[in-house]
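Taking the form predicted alone, here's one chain by itself in structure tokens.
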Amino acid sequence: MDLWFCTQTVASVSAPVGTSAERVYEDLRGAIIGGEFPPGERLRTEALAERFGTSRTPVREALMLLEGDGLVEIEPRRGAVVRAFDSNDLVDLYEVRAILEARAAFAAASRITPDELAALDAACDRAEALSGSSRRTVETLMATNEEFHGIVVAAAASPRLTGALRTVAGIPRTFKAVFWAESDECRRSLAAHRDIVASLRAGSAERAESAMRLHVLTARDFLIEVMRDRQD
């Protein structure tokens, strides 16, 4: 996996100087990715300062970092707005993720610890034990999937790679829910997770890289299929 993207984005994802700004950044980022603030919603500095119990300055710093992450747009006279993604944006996100996460798997193959492998096994076990497509099940699958990918990225032990991946984490939760509610896609994804774990346990960097890339690109292909069906 090429790392050209890391050098372009790492500056925009550095942590805020103040702890208040860092806290606001992390909490607001999670709320946006989690769908609490929908695309197009205006993020009012005063309201956010009240919500997070801080002054306006840390909120402004956090919003600037979120703009660097690609989650927020700061518009003249309108202020900060949650960014809306069109279909081309989403395809791009998946394709960049395929590059970066494959690289993370490659690096993790030689660095992952037994505890991290055990955590990946446990995540797979929990996801495979779920059944149905209720909202609670889908939410749990999404959370477990995020945990799985987070463990692999952490095992790569690359701060620059971690920073770059933060900029492509803004895939709308509504699409993720559609993906995990689809039984065939869910089964394929969980099987891919097992392949990735097996590759990491074997210490095969090339195999882990290939398995992760295929896994992410399969999700991209599902997205393209969903968009095509909606246009028909």
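Residue positions are given as counts along the sequence shown, with the first one as 1. Given the structure is predicted, the values throughout are model-derived calculations rather than measurements.
The form predicted in complex with a further copy of the same chain exists for this protein as well; it is not shown, and the discussion that follows is about that form.
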Does any heavy atom of Pro114 come within 4.5 Å of a heavy atom of a further copy of the same chain in the model of the complex? no
4.5 Å heavy atom contact, Ala164 to a further copy of the same chain in the model of the complex: yes
Flag Leu65 as yes or no: does it have a non-hydrogen atom within 4.5 angstroms of any non-hydrogen atom of a further copy of the same chain in the model of the complex? yes
Exercise: Glu61 in contact with a further copy of the same chain in the model of the complex, heavy atom 4.5 Å: yes
Considering a further copy of the same chain in the model of the complex, find the one stretch among 184-192, 200-208, 46-54, 66-74 with heavy atoms no farther than 4.5 Å from it. 66-74
In the model of the complex, does every one of His149, Met212 and Asp221 come within 4.5 Å of a further copy of the same chain, counting any heavy atom? no
Only one of Val153, Leu100, Val82, Ala123 has a non-hydrogen atom within 4.5 angstroms of a further copy of the same chain in the model of the complex; which is it? Leu100
Looking at a further copy of the same chain in the model of the complex, which residues in 91-126 have at least one heavy atom within 4.5 Å of it? Asp92, Leu93, Glu95, Val96, Ile99, Leu100, Arg103
